[in-house]
Every structure is written in structure tokens, then in C-alpha cells.
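Single chain ahead, written as C-alpha cells, the form predicted alone.
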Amino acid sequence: MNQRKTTLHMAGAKKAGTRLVLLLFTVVVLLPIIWTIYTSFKTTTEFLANPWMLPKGLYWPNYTNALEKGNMVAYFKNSIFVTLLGLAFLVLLAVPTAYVTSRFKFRLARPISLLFMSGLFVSQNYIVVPIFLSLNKVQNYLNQYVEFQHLKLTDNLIILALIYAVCSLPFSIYLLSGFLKTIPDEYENAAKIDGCSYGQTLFLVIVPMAKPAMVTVLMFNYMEYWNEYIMATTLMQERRWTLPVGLVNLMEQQKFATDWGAMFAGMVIVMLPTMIIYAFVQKRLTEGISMGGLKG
């Protein structure tokens, strides 16, 4: 009896310790976010008087200054375009590749999978310069032909979205392949009996069953595309900057203009879409990870 009580006390202490650690992590994560949000409503005078004090009121001109003076509206549109197009490219490239390499048996299946997996060890930050030089080289070659002289490979949002998708292929294929391997073969056999082609089987049978993994892949890559800075600032000129590049520019401007409220308002504008989307897909994101999306 005493041993049972001791075991229960140890289990309760362990659970309490786990909750305390999770609570501390929650505070560490939420405190900077909350501070950034309420600081975005402060005047410069309030911020300089006490950065940690709550604002006396909601000073909305900070957001007006961030959107108009910082040109954040245009950058916001660019980010939305690049992110959505990049995700569309990713689905078209990653889903068929993951399907073929994970569910078809042929001689090159293993080497192709290993080739994509090797890309997990290459950060896109290390290949920015080679990509930029390669695009310039192709651009110079195309400029020899009159019909291609108006085509721009750099400072092109479509090309940027395609680069994002290609750079995230290894990680996305890794996640999708692990999930697709867990789907029973009987579904594909039933689709073949019904006369479905490989494409119809993929998009009408496999993809709907892989929704949790798809949400996981799309969410991870959405956050990567939305917050990417180095590739965008290297390949894009000011008119086609995305939000992270525009935010850094805004921070430099407002830091010297001592408009701290507008600077924090710009940060909130960048953070808010990700926070809202994550709140809606959090359940499916967790489900995708727990159901085998991370199994190799």
C-alpha cells in the first residue's frame, strides 16, 4: 500500500514537473509576442519612457505609418503571391515525386530517394550566390534572342516562388513519403479495378487520404516562404521585396526616425498571418506529425 502511494506521489510529481516546464516554455514563447503586440500601440514618447509599460491607449497611426510610409501593403501583396505560388509549385512537384518513390518499386527508386534526402543537408542560404550567378548567366544567354529580351529571371516573383519550391523539395518529399508508405495497397488496387489511371489514383484516392501530411508539409513550407529573407533580398529589387525584406528596411528607417511604434507595428503585420493560420490548422498539423508524417 505504501509502495503504491509512493509510486502515485512520484507520478504526480513527475507530471507536475512536466507541466511546470511546459508552462515556462509557454511564457518564454508568449511574452515576446505579447510585448511586441502591445508595444505596437505605443507612442514613441511612451516607449522611451518605459518600454515594458502597457500603452495608455491604442495608437493606430503606428500601423498607418508602417503600411504607408514603409510601403508594407505592396510588400504584403508580394509575400502573398510568392507564398501561394510557391506552395502550388511545391504540390505539383513534391506530391507525384513522393508518390512514385514511396509506392513504386523500380531499379532507380532507392537512388532517387537518396538523392532527394541528400538535399536535406544543404541549406538554401549556402546556395544563394550560385543561384544568383546561374540566373544571370542564363539571362545573358537569353538576351541574345529578341523574343526573350523582356524576360527577367532575377527580380521575378514567379522565379522566386519556383526557387522556394525546389529548395524545399527534399524536406517535403521526406515527410510525404513517410506518410504515403503507411497507406494500405488495397486502396490503389481498388482504384485500378475501377479503371483509374495513376494520376487519378494519386489525386482522387491517395491525396485525400494524405490530408494530414499535406497540411503538415504546407504549413511548414508556408512559414518558411513567408519568413524567408536572404533569397528575397538577393534576387529582388525594392519594388518586388517581400515582407521580411520590407520589414528590415522599415526597421532601419524607423530606428533612425525614432518611430519605434511603427517598427513594432511592422513586426505584428508580419507575424499575424502566420499566427492566425497556425491557430486554424494546429489540430491537423499535430495529427499529420503523429500519424507518420515524420517516419522515414
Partner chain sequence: MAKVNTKLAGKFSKSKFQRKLFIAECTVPAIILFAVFMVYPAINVFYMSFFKMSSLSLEKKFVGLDNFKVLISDTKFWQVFRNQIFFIVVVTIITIILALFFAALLTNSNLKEKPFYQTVFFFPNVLSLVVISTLFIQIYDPSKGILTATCNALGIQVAEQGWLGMATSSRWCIVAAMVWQAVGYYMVMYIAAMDGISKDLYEVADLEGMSKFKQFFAITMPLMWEIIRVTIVFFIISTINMSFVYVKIMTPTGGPDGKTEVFLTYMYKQAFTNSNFGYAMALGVFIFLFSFALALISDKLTQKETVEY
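Rigid core here is just the name for the largest C-alpha set that superposes within 1.5 Å across the two forms. From a predicted model like this one, the values you see are computed outputs, not experimental measurements. Numbering follows the first chain given and starts at 1.
Missing here is the form predicted together with its partner chain; even so, the following discussion is about that form.
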Heavy atom distance at most 4.5 Å to its partner chain in the predicted complex, all of Leu162, Pro170 and Val270: yes
As a check of understanding, the residue in Leu135, Val205, Val91, Ile183 with any heavy atom within 4.5 Å of its partner chain in the predicted complex should be identified as Leu135
May I ask you to state whether Trp52 is within 4.5 Å of its partner chain in the predicted complex, using heavy atom distances? yes
In the predicted complex, does Pro244 have a heavy atom within 4.5 Å of its partner chain? yes
Examine Leu30 and determine whether its closest non-hydrogen atom to its partner chain in the predicted complex is within 4.5 angstroms. yes
With a cut-off of 4.5 Å between heavy atoms, is Trp60 one of the residues that contacts its partner chain in the predicted complex? no
Where, within 14 to 52, is there a heavy atom within 4.5 Å of its partner chain in the predicted complex? Residue list please. Lys15, Thr18, Arg19, Val21, Leu22, Leu23, Phe25, Thr26, Val28, Val29, Leu30, Pro32, Ile33, Trp35, Thr36, Phe47, Asn50, Pro51, Trp52
After superposition on the rigid core, does the Cα atom of Arg240 shift by at least 2 Å between the shown form and the other one? no
For Met231, is the CA shift between the shown form and the other one at least 2 Å following rigid-core superposition? no
